[in-house]
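We begin with a single chain expressed as structure tokens, specifically the form predicted alone.
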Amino acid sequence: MSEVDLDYEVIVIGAGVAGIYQIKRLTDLGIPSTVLEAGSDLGGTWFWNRYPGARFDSESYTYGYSWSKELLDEWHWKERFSGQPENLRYLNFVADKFDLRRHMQFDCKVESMRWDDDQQFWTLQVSDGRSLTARIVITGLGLLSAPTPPRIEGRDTFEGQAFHTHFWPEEPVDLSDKRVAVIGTGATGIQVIGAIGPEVGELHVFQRRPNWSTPLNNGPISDEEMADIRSRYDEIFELCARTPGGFIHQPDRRGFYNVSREDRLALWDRLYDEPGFGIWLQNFLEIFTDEAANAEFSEYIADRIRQRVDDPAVAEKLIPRDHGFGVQRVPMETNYFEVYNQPNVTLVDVSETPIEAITPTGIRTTEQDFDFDVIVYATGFDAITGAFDRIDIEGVGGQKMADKWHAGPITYLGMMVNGFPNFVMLAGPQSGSASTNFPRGIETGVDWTTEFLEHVWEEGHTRFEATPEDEAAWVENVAMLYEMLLLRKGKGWFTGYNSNVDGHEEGVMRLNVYNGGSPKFSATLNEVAADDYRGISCE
């Protein structure tokens, strides 16, 4: 094999939470590397999603990076669950503090990647017309970065303002006294509806399937509380590392059936009124595995919804019937259910009166025509694999990643793919990052990847690839974990359900996430490394 003059040793795709940390680690090692970012600036999720109500559902102080004490000491989180503008400021603060922006190239969407097996490098075709070469490609594409507009006839005919939440205009959108439609009541829709409900003239919410949701219970973080948090950061991050979801919430291990009904209700009442994911992740483990336990808890949440919505008929429409609480990613809300008590807000159940078309003036259902000034598509994302599918990735022998993953992702550790050498995914499908407090999982992935690459370079290897046998065993392990949990019956992005994407319709389950929990995933990565990177062939 002849020497090739490559543009970079490593190209990182995506300048979000993952890409920012990965380029920090690479440049600290002096590795010739760059980040290619499709957007006009860094931030990933927090650059694109500017819609009203966009914010963390992780406690802010558990979302920030843990790898710099100086950074932890300097940054003051203002809210318990920080909003998009502050989150974007944080990521810019990090990049500027460590002079990382000079290693990033913006407005550089990667359109295709081709592996040269003779010369052992990748060629990336970028949207600005350039071809760039690199020995290794690392993706930080984000789990929810491929928005899916609805497949509704006439979308291009609407004469008012219309956009997917992912592409909410950078300039403020004046919704006061406007007639607004929101299509979708998933996590994004729940945030948007709760935020804009009080300010619009009229709001019609078009709901296909309701989602379980519980209060975020957000609030400010005082100077005194922030000082206390700073003094406990080591303890906080150690706790996150011990919990299945990477949050500060530990499951209640007393056993659902070992606790009286009275005590169960007392726990649920307390958790419902506390901030964050406690109601989901600090609960009994049986709600994730046992049909009867899940049904009892789901009915408790249903009763809480009924208490908050004045119209009993509307309340019942907001209660899911096709899945139990917690078997899909649970959206957190702020005054979402109270919005439906406003006289200017109407819930339209499209399971009863389906949308037929978008018209020049609004939306037509089977029952009537509605006129609107603004239509907001809160119709979600082609989750986890969608961003990969939008890059034409060609591996050994011309094999396409999209073809290999047609029926669902196939990976080793959620980080590598056989047939696609010198390729690492920081938040790939079937990795721990896909089902945990994102930055906590990302730091694990970046640290492991960096140490692995150091091993590759020290040993003089130029090619690495997951073995087919270990890849198959990993997918089997992921499938087994799905079988243990009720989430296998869900229709959310954990199982790849999205009726706006071909092949992702109802009834087609995709093994998108690793459900073994953060501690087990981290332990597996450590075991693989200790066993001379078992399952990875290096040349």
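Throughout, we count residues from 1 along the sequence that is shown. This is a predicted model, so every value here is computed, not measured.
A second form of this protein, the form predicted in complex with a small molecule, is not displayed here; the remarks below concern that form.
- Remark: of stretches 254-262, 147-155, 173-181, 95-103, the one touching the small molecule in the predicted bound form is 147-155 (heavy atom within 4.5 Å).
- Put simply, Arg80 is far from the small molecule in the predicted bound form: not one heavy atom of it is within 4.5 Å.
- In the predicted bound form, Phe47 stays away from the small molecule, with no heavy atom inside 4.5 Å.
- Contact check for Trp122: every heavy atom lies farther than 4.5 Å from the small molecule in the predicted bound form.
- Shown alone here, Thr214 lies farther than 4.5 Å from the small molecule in the predicted bound form, counting heavy atoms only.
- This chain is displayed alone, yet in the predicted bound form one of Tyr497, Tyr65, Trp474, Tyr482 has a heavy atom within 4.5 Å of the small molecule; that residue is Tyr497.
- Checked against the small molecule in the predicted bound form, the residues Gly189, Gly386, Gly197, Pro429 give one hit for a heavy atom within 4.5 Å, which is Gly189.
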